[in-house]
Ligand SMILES: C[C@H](O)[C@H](O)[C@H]1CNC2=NC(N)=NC(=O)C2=N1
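The form predicted alone is given below as one chain in structure tokens.
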């Protein structure tokens, strides 16, 4: 079951917004699936596993479509049987609530709840 965070809007950080601190992002991280972790207080990372390349590619395309719709783009690493994702708000050089919303939506796609 996906996180209610996936239902929140993806809103860009306002000019001058500071990245979230570890205390600020802890609640958002707890709302995500177990694949996600925060790295260096800078970005989110997850690896999703699949039975084959075709399924991994299909997932990559789905999260690519999501990124285009929301104009919030992760770094995506496709290989046989897995997709790695890195997510952060480039404009502020760190994490924003929208990164966690996008991560929750990716979990929803992976879980087939979309």
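Positions refer to the first chain, counted from 1. Note that the structure is predicted; figures quoted are calculated from it, not measured.
Missing here is the form predicted in complex with the named molecule; even so, the following discussion is about that form.
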| query | finding |
| --- | --- |
| 4.5 Å heavy atom contact, residue 71 to the named molecule in the predicted complex | yes |
| Interface membership of residue 87, the named molecule in the predicted complex, 4.5 Å heavy atom rule | yes |
| In the predicted complex, residue 91 touching the named molecule (heavy atom, 4.5 Å) | yes |
| Location of the named molecule contact in the predicted complex, chosen stretch of 71-79, 23-31, 52-60, 37-45 [non-hydrogen atom, 4.5 Å] | 71-79 |
